[in-house]
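Quick setup: one chain, the form predicted on its own, written in structure tokens, and binding and motion questions come after.
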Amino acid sequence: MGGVETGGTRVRCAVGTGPDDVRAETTVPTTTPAETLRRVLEFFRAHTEITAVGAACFGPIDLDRSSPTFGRITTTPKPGWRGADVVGALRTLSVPVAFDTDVNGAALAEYRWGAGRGVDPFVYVTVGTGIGGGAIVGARPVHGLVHPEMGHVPITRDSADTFAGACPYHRDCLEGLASAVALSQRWGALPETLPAEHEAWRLQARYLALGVAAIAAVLSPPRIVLGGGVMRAAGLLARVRAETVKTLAGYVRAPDLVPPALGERAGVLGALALAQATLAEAGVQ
């Protein structure tokens, strides 16, 4: 299988069948769609044994196969990438192409090989430049009107928080108040430079707990993975666990909150899993 995970700053590509069988991999910088996708295709064309390719892509993306813009990135704030035809480019490899969000891909990888094994429903949330979530229900990624947009659930603003919000669409959504961009803009410093005792982390834990509580109320997953760069802050996961218990207030049991088992490779491994799934649906062993 071939797998590609597109990110805001870099794109990961891999050839293999899973975490224990990655035969080749590379990363390329995310520049323009034409340049980036050209380099991705060059990598895969050097591996003629590939029988399918999966793409786990930053979004929003069009997953409606009946849509004229299926396979394209839609309302992304990433300059130059709105309307980029990811699936169209990958189809030039003349193999089946699977397409989903980066977080759905990461959720599928963790469900199959990592922290989500044996857990259904299962949710993966990434907290980084933006916030996104992928859900596995009935062993499959959830799709619907579009795809889950867990980073854009509205949350209650802390009464002492005067920050306007970093999301240009919603302001007071989880991404607008708790993403790395929101942290940087609110406190005037990169999240990784803020000390563990800084007030930022109390507020961050509170906001993430509100997001987790909303996910728990709707999907009821026994376990949620919290990944992404922001979650590497010392003590943050423990703070979010405690705040989630407080937020749910005993009404339901809090889900188990854990870090990703597959680390930063979850997305590209999920792309391999997507490729495997599309072959299985076609009846190819």
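Predicted, not measured: the structure shown is a model, and the values here were computed from it. Start at 1 with the first residue shown and count on from there.
This protein has a second form, the form predicted in complex with a further copy of the same chain, left out of what is shown; the following refers to that one.
Query raised in the report: Any chance T30 has a heavy atom within 4.5 Å of a further copy of the same chain in the model of the complex?
Result: Although a further copy of the same chain is absent here, T30 would stay clear of it in the model of the complex, with no heavy atoms inside 4.5 Å.
Query - Close approach of D85 to a further copy of the same chain in the model of the complex, 4.5 Å, heavy atom - result: Contact check for D85: no, nothing within 4.5 Å of a further copy of the same chain in the model of the complex.
Query raised in the report: Does A234 make contact with a further copy of the same chain in the model of the complex, using a 4.5 Å heavy atom cut-off?
Result: A234 lies outside the contact set for a further copy of the same chain.
Requested in this report: May I ask you to state whether A238 is within 4.5 Å of a further copy of the same chain in the model of the complex, using heavy atom distances?
Outcome: Outside the cut-off, so no.
**Report entry** a further copy of the same chain in the model of the complex: contacted by all of P121, E149 and P255, heavy atom 4.5 Å
**Finding:** Each of the three qualifies.
Report task. Name the stretch, out of 190-198, 108-116, 134-142, 86-94, where some heavy atom lies within 4.5 Å of a further copy of the same chain in the model of the complex. Result -> Of the stretches listed, the one contacting the partner is 134-142.
Requested in this report: Note which of A166, L210, L203, I73 lies within 4.5 Å of a further copy of the same chain in the model of the complex, where distance is taken over heavy atoms; exactly one does.
Outcome: Checked against the cut-off, the match is L210.
Query raised in the report: Using a 4.5 Å cut on heavy atoms, which of T26, T51, S220, T69 is close to a further copy of the same chain in the model of the complex?
Result: So the residue touching a further copy of the same chain in the model of the complex, by this definition, is S220.
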